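Just the one chain here, laid out as structure tokens, in the form predicted on its own.
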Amino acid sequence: MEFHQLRYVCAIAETGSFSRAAERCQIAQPSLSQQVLKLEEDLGTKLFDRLGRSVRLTEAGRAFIPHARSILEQIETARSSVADKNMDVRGSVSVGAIPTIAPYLMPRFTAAFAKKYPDAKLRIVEETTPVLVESLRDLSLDLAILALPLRHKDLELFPIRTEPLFAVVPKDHPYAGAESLALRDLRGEPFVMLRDGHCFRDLSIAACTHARITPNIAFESAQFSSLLGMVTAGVGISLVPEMAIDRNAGCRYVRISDPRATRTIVAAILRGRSFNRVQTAFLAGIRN
């Protein structure tokens, strides 16, 4: 028994004609007749008496039609429910972001999102990349804002922005007034860096390695603000992405000219999962 077969028999019962039913259902009459015959064979009984050009429901047909109509109504109700859910702006979205992105990117965007979707429920989680990836996999997060490189084949990535890296130096440093510098210019300098576990530390170390310098790490922290304080105090220099620049921190920022001294930020979702309207809107908005 097929959904379209139920539509055909109901149309015949309502119009009293195979030809008019075929017109209503926008199907060729021979095809409609063939489907009705197939349904009758499946049921083991006739639903219609064909009396010349007229058609009448059999006793079995009169018993069958109310059930067929009920099934069609239930299917239409289910369709409407799904459509309403897809248009629902009161849904929820759970978003993760790494610590070197969350304080800088998320406040401005989430404020704009909340204004546009006031009935949406938004949850933001700040964690390291490995934790966020596992949260995507167990579906406790809908999407995560991460930085490349990411080598997880089960994730689908959407680029957000690529930003340059800057060297952070004290105000009296020889490079404090420079417009740009190469990482090799920092050879021998003491560095203050993020601790292990932060992807920006890995990116910084990789950039230094490519420039053939080995950072002498004098201080480690979990926050950029602590690193900037140490730079201001003269403990060492640091590297930060463009979005982490704080002009009030009492230090100077010099753009690094090395081609690989950049960070690419992406939105990551679990490949193949479906989104409601609110989740889709969040992903589309943060990419713009």
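From 1 onward, residues are counted along the sequence shown. Predicted model only: the values in this text are computed from it and were never measured. Heads up, when I say rigid core I mean the largest set of C-alphas that superpose within 1.5 Å between the two forms.
What comes next is about the form predicted together with the DNA, which does not appear here.
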query = Heavy atoms within 4.5 Å of the DNA in the predicted complex: which of the stretches 29-37, 215-223, 246-254, 230-238 has them?
reply = 29-37
message = Would all three of E2, R50 and V55 be in contact with the DNA in the predicted complex, where contact means some heavy atom lies within 4.5 Å?
response = yes
query = So in the predicted complex, does any heavy atom of Y8 sit within 4.5 Å of the DNA?
reply = yes
ask   = Is the gap between F18 and the DNA in the predicted complex 4.5 Å or less for some heavy atom pair?
value = yes
message = Core superposed first: is there a CA shift of 2 Å or greater at L37 between the shown form and the other one?
response = yes
message = Once you overlay the rigid core, does the Cα of Y8 travel 2 Å or further between the shown form and the other one?
response = yes
inquiry  = After a rigid core superposition, would you say the CA of F275 moves by 2 angstroms or more between the shown form and the other one, or not?
reply    = no
